[in-house]
Structure formats: C-alpha cells, structure tokens
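Before any questions on binding or motion, here is one chain by itself as structure tokens, the form predicted alone.
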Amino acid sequence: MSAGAITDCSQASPGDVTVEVCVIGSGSGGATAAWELAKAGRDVLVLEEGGDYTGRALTQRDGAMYDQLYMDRGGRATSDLSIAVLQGRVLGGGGVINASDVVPIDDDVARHWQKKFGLSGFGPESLEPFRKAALEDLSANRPADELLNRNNQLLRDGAGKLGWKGEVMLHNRVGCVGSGTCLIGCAFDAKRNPRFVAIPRALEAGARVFTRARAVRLDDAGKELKRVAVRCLDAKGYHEGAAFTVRARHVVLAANAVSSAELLLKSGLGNEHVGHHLSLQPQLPVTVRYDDEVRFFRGIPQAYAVTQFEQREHPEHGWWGFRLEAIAGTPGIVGSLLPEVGAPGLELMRGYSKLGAALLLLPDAMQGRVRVESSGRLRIDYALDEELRGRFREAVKAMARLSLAVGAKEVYVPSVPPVRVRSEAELGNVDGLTLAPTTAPLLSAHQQGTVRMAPNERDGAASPEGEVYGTRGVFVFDSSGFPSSASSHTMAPIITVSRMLARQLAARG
C-alpha cells in the first residue's frame, strides 16, 4: 500500500470521497484509531478542522497561537461563561497544546468501570497491554530532578515539610529545552504527541489526512455507507467555503467529548444520553507570591503533583478528592487570569518573575451537558454544586498551607473579590470564596463523557465497543465514551481506549 498524504483543504476542495473508515478528529483518539485501522489494511481518511503547526510555525506568541491552536480561539466556555473549556483544534489535537503529563488509567478506575457501569471488558487485565502501548507511543519518562523548575521544586518541598504524598509525573517530552511555552505548542518539537507518532505511522500505512476540513453533519447512519457533510475552511480557519461529502462504511468520532456530542446532536443521532453526563474536571489556578525569583515560566511548567488528597476507590465516583499540580503560563494567559486591572494589575505583573502557581484539579460527578440550540449554536451547561465548591475551598487551604511552609509571602486566589492568605491565621479567608458564576477563572482541559459507553441503551449512549446506539457503524473512540473521570490527565487514557476499540473494530472485518 502506498503512503498517505496530508491535504490542506483551504487550498482546494478535494471533492467527494469514498473510503472504508472516516475518522473525525486527529488527536489522541483519532490519530491512534487511524494508525491501528490503516495498518490493519483499512482505507482510512482523517478529517481535522485545524491546521498543521509544527516547529517554527509555533511562534511562541500568545495571541497568534491561541487563535490557531484552540477551539474558538481559546474562547470556548460554558453557557454562563464561568469555565473556560480548552480544546485543541490542530493536527495532533490536544497533545499539541497540553502540559505533556502522562497519567494512565488506574487499576481502581478500571475496576470501577467494570463494577458500576458494567464495562466488563475494561478491567485492568484487559487494558494492560494497551496502557503499556500508550506509554511506548508517548515515550513516557519521568523528568530528572534537575529539570524541575523552582515552582515545581517548591511544591515538592512544601509537600515534604508537611508529610504529604506527591509524585514527579511521567511526561512525553524528549529533548526538552525548557522554553516553558508548552500550552501554545512546542516550537522545538520535543513533545512525543500524536502529531509525531500516530499521524506519521498512519500515513505510512496509507491513511490520508484532510486539514481545514470541518465535519458539519452525519447522515445515513443506519445504512451501509454513511455520508459525512464537510466544509473546507480558509487558511486561518475563520470561514467555511466549498462543501464536499465523504462516504464511509464506518465513521469514528474522536473530536473531543464536546465536539463529538455536538456532531451527533446536529445530525439527530443517538439516544437521550447523548450530550449528558459531561465531566469538565474543573481546575482553579492559584498564584503564590515570593520575595525572591521563581521564574515559573521557564523549564517544565507542570511536573510535580501533590496526591495526598486523592481517593482512588470512591464507591460512587471512582477517582475523587483533589490534586495540587504546579503550573505556569506565558504572560498573556497569566495576565488574563488575574482579576486586577489598571495599576494593581500592572503591579502584579511587574512581579511576574517572583510568582509561583498551581492548579487545583478536581474530578466531578459528570454533571454537565452539551446541547445544540435550534439556531445551531453550541451550549455547554455546567453548574458547580456545593459539594464541588467545598472541595475547592479545601484544596485552596491545602495549597495555602503548603506554600506558607516554604516561605510564600502571599497566596492569591484570582477571584472577585480576590482571596488572599498571608499566614495560617488567615486560612479562614478561604471560606469566603463563593465560586459564584464568573467570579473565578475556572478552566477545563480534560472533558469527558457525553456519549457514555454502557452495556445497554438504558444506561448509556454507546456500546462497550464504542458503537453509538441507534446507528450502524458509527463509533466514539475518544473521551466522550468515558463513564467517569479516567485520570487526572486524559491523553494516555484516550490513546489506551482508542487502541483497544480500534483493534476490535479492525477484527470485525
């Protein structure tokens, strides 16, 4: 079989195409599925509405990169504007713009999926070869101590002083130069993400990739040949242009838990579960001010995690509790997350090199929903319940105690009004953190659910093989099928599950 190719549809419409498998989305799920199915001899076409950005095309400039690498230019949010929903829109998907953390599905989570959701084929023994392969795909390795920047070291030192458990997380960098711009793409191509692993291998096996190609509707889902209506986008992805149709025997949705559900809803496919059970796994950034230089914006942004407060075997939710993880950002994103404006905001940013930061990461109860209004507008509905607010306050207090233990002058929650803690005596200030809508810069980077897998239509939207109920040969191979939070970081779990499901599909003939 001859090698495939990447076609930029902004240059010219490819015209109507007929293939055996159409994969929608090129991130961890889509790229892995394309590779597995192509090497099994299937005729595979991948549709990606983003462009192809590698090397010097990743300019390290906030405005340009958020514009080109993120869905809705980085402006996607819940319907009440309370939570920023960060989703990749680029060849290679979220792996291009993430912080490179590799956290596999835990055995306890796998057993939870078996016991609570009836997914008997997702036990630790069944998943193990696919988890191992995912780690190999990602060249997963643990950063050496000398690669941890001071922000990560301070988090580790604080955990040590308090006797709290933590870990240096696996990552998928090889040859990292410490530029610190991971969230707007690695200009040095040091991430072993789908763009540099699964996509090239899928192409070698004969798969084709269309970039700047937006799937807008899926029809004939019950027939032998499905029809995917596609629109070409311009070079920057701003406007739709020429239309064409892809006919395929199988369609694999791997466009993220938000966008996969959106396409099914716009196409009138699936049962009443489609769009429901959305996890945003919300995160709250906390800033820490020190008297001396931290320079959190250099080196690996996110490498150390405090795991003391995680639960692995919660009977209702599986993975539960919260994590504290070091983080950093470029000046644009950091400035946008701080609520101060004018002179106070300028003063905060003048101390940029003396700031530390962490993300407080919480699994949730799959309490959100994706829906499409009659106008065609996407809505992401999500509300923090009081239990989740309470866990956030616990996490803020934990982060404040840790930071003060290593000499922080102030722990600053960028809420409105801001919450400041300068001593143990001020921990009670955190109780005033309401997390009311639009008062804190909550964000979501690990969306899951919306097309939940279940052994029957009563309990979910897709079968344990990923096939959407009510269709013939339409599958979800991304995080939309997860029935609960798979992990604190979803890249490795998505690759794991996609490979397993893709091999099952290939075996069907």
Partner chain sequence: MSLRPFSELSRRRLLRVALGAGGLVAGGVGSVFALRGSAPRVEGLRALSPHEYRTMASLAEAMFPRETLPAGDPAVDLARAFDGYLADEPTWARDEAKQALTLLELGPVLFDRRLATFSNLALSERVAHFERWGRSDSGLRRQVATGFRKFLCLVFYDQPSAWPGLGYEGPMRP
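Positions refer to the first chain, counted from 1. As the structure is a computational prediction, the values presented were derived from the model and not from experiment.
One more form of this protein, predicted in complex with the partner chain, exists but is not displayed; see below.
- Against the partner chain in the predicted bound form, the set I6, P143 and V174 makes no contact: no member has a heavy atom within 4.5 Å.
- Only one of the listed residues (K115, K161, R401, R298) places a non-hydrogen atom within 4.5 angstroms of the partner chain in the predicted bound form, and that residue is R298.
- Taking A77, V197, L384, L433 one by one, only a single residue has any non-hydrogen atom within 4.5 Å of the partner chain in the predicted bound form, and it is A77.
- Under a 4.5 angstroms non-hydrogen atom cutoff, the partner chain in the predicted bound form has T330 among its neighbouring residues.
- Contact annotation for G342: at least one heavy atom lies within 4.5 Å of the partner chain in the predicted bound form.
- Interface membership of R377, defined by any non-hydrogen atom within 4.5 Å of the partner chain in the predicted bound form, is confirmed.
- Contact check for Y352: a non-hydrogen atom falls within 4.5 Å of the partner chain in the predicted bound form.
- Of the stretches 58-66, 40-48, 478-486, 451-459, only 58-66 has residues with a heavy atom within 4.5 Å of the partner chain in the predicted bound form.
- Residues of 153-184 that come within 4.5 Å of the partner chain in the predicted bound form, judged by any heavy atom, are V177, G178, S179 in sequence order.
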